[in-house]
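Only one chain comes next, encoded as structure tokens, the form predicted alone.
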Amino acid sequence: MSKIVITGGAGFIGSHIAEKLVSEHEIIIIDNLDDYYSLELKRRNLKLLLANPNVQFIEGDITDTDLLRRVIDADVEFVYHEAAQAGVRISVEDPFKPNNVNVLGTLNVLKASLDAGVKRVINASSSSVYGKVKYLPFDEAHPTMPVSPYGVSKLAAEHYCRVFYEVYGLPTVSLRYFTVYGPRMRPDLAISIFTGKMLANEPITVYGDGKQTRDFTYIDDIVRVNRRLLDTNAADGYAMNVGGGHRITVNDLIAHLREITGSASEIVYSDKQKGDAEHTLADTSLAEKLVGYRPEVSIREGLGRFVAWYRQHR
């Protein structure tokens, strides 16, 4: 049974990866339980995971180099680096925290992994690295011109991963996630906010005219490609898109959710927020070529699954 470290393992994506791998691997979760969003949700995730004796939780921060050296030791084979200071809008207000966590924290994870002889570091990146749209869909050759400090920090982290592969020989892969959603998702993201408002028949605030588009990716597709990277070195050194491969306007997203929930919530349009990308759409052909990735869950099916989970658990 191999040992795997998951940074940010109490969060949305990290906890799903841990849940998938725990039957076959020993999992060590590092998470600082930052209160950027509900600690109750993170503790629920941990309670679910810690019911399995193969899971160990260490409360700590990836900016703590001594902690990482102790936890990522010679027995660790893989590291899933999911910890980050998320949030495009909050990064506009405070650009220093995402730099400290996402850039310096990633550098700490990479150095500890290199020193320990880890087989592979899988880094959670973001479609925010693209920023300004030159063409759609985004392929990996598209210029990277982030429009938020968060996007800049994730792009810098990617470059560190690439350099540690090319210069030091540490196998790394960066996955550019496109707006991940599903059960246990962060409550500050649009699908979660809209669903809660609709089920309460409360007004929904849309920033901008609602014509901006997003490529939403269901959590099961994200977990599937992460799991695949335990078994192949074909993507080592690459940054590659992991998306749903289709885009939808915010207005159409709301229409789908209205139909699923039966809600009559009013839509209130407000000013566009600084740092928000206008459009995203993933070309996932590189991930398909390298690791066989294909998104399997449509937006309609995924929204139905999420609303059903939300009704039960929130």
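All residue numbers refer to positions in the sequence shown, first residue = 1. On a predicted model such as this, the values are computed, not experimentally measured, just so you know.
Form predicted together with nicotinamide-adenine-dinucleotide: not shown, discussed below.
Using a 4.5 angstroms threshold between heavy atoms, Ala10 counts as touching nicotinamide-adenine-dinucleotide in the model of the complex. Mapping the unseen interface onto this chain, Lys197 falls outside it, with no heavy atom inside 4.5 Å of nicotinamide-adenine-dinucleotide in the model of the complex. At the 4.5 Å threshold, heavy atoms of Lys42 reach nicotinamide-adenine-dinucleotide in the model of the complex. Although the partner is absent here, Glu288 is not a contact residue: none of its heavy atoms lies within 4.5 angstroms of nicotinamide-adenine-dinucleotide in the model of the complex. Residue-level contacts in the model of the complex: of Leu281, Ile254, Ile62, Ile28, one residue has a heavy atom within 4.5 Å of nicotinamide-adenine-dinucleotide, and it is Ile62. Shown without its partner, this chain lists Ser125, Asn226, Asn108, Ser91 as candidates; in the model of the complex, only Ser125 has a non-hydrogen atom within 4.5 angstroms of nicotinamide-adenine-dinucleotide. Of the candidate stretches 34 to 42, 263 to 271, 246 to 254, 48 to 56, only 34 to 42 has residues with heavy atoms within 4.5 Å of nicotinamide-adenine-dinucleotide in the model of the complex.
Although the partner is absent from the chain shown here, Tyr177, Val180 and Arg186 each have a heavy atom within 4.5 Å of nicotinamide-adenine-dinucleotide in the model of the complex. Contacts between stretch 89 to 108 and nicotinamide-adenine-dinucleotide, counted in the model of the complex as any heavy atom lying within 4.5 Å, involve Val101 alone.
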